[in-house]
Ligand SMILES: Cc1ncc(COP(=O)(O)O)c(C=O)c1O
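Let's start with one chain on its own, the form predicted on its own, as structure tokens.
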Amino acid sequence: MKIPPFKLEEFWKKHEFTAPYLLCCSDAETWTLQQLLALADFDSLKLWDSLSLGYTESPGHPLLREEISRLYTSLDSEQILTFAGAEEGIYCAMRVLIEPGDHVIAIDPCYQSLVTLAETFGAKITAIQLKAENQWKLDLEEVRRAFQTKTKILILNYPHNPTGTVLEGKVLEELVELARKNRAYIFCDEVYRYLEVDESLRMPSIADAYEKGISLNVMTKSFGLAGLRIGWLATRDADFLREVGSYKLYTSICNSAPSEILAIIALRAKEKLLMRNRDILLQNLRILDAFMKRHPNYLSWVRPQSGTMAVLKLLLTISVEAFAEDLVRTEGVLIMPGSVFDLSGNFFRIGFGKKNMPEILKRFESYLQSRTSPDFAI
């Protein structure tokens, strides 16, 4: 079994700690240890102060699983399984679910491993391509036509990475009915849940909406705690959860003990964490609105409805790859070309979840303004 290169993570490996100005971060503003501990309640702080650095329970600390279950409307702690980040959850889930010859429907673009691992483990993939000209909206009829007798999983990715679109409630209901009719799982990457621009558009978690729904989430994105490396799967499917829990024993076995307690602290203070992170992204989105209005000859976009990222289209005659390379070389500003996540066309990704985004955007704007013609060359 040979897994192809992970383009997005290879991109980060090359640039994340060398480029001075990251304009394409995917996570919300992070927290320092001191800031997080300041939010701890009495019982959580006692857990931290008395922490023993031994092995932890493989499914996750019971209190951590209990706090995670509170994020759902119909699940309890026994229906939660934690992992060392979201990526381990994806790997273990696909290893358990996929058998050679299975058919998988996936919304594209998405986080690469969702599709690459399923294909590597023997599945045939039908990709449903979101299109900018359709406002990045999902074509329900295209999904309906994609179902086959061997369809095992429908892979969703909402709130969507990287376009920031959300699913309408009626569309989600139709997808659940399609999956139920075909006895298929729905695996939904929900890592940007809680960062909807309009909170009334928040869709139900798939684990709550469907008996064969599997929800993936993590402390990284909406909560701004990437360094904890705490992710989880939530589902009402007890057989799947038991199998994937056994497979975890071949990977990390258990989580980091300090990370589990810090995640408990964060989840008990989740309203404060999410409020701050939403305030930052909403303020930055207003700045982006004005920026996009100033540069209609250079850039276009579909304004994101959720998350910390937006997809912009470069309207210049040069390739976005050459543009991005020159930008990071001359200004130290990093954007992510669409080719990194297999999006064809002159698209690129920016992030707006960080406090320093306005400062970096000014550098990007200065670079744009130094190019006075839409057909300049590098």
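Residue positions are given as counts along the sequence shown, with the first one as 1. The shown structure was predicted, so the numbers you read here are calculated from the model rather than taken from an experiment.
Not pictured, yet referred to below: the form predicted together with the named molecule.
Proximity to the named molecule in the model of the complex, defined as a heavy atom within 4.5 Å, singles out one entry of Gln79, Thr220, Thr165, Ser259, which is Thr220. Of the listed positions (Ala209, Val96, Ile264, Ile90), a single one reaches within 4.5 angstroms of the named molecule by any non-hydrogen atom in the model of the complex, namely Ile90. For the three residues Ala86, Tyr192 and Arg229, a heavy atom within 4.5 Å of the named molecule turns up in the model of the complex in every case. Proximity of Ser215 to the named molecule in the model of the complex falls outside the 4.5 Å heavy atom cutoff. Within this chain, Tyr111 lines the site of the named molecule in the model of the complex, having a heavy atom no more than 4.5 Å away.
Asn161 belongs to the set of residues with a heavy atom inside 4.5 Å of the named molecule in the model of the complex. A residue is said to contact a partner when one of its heavy atoms sits within 4.5 Å of a partner heavy atom; Glu9 meets this definition for the named molecule in the model of the complex. With the partner omitted here, the stretch from 171-179, 285-293, 268-276, 221-229 that lies within 4.5 Å of the named molecule by heavy atoms in the model of the complex is 221-229. Contact residues in stretch 18-52 (any heavy atom within 4.5 Å of the named molecule, taken in the model of the complex) are limited to Ser26.
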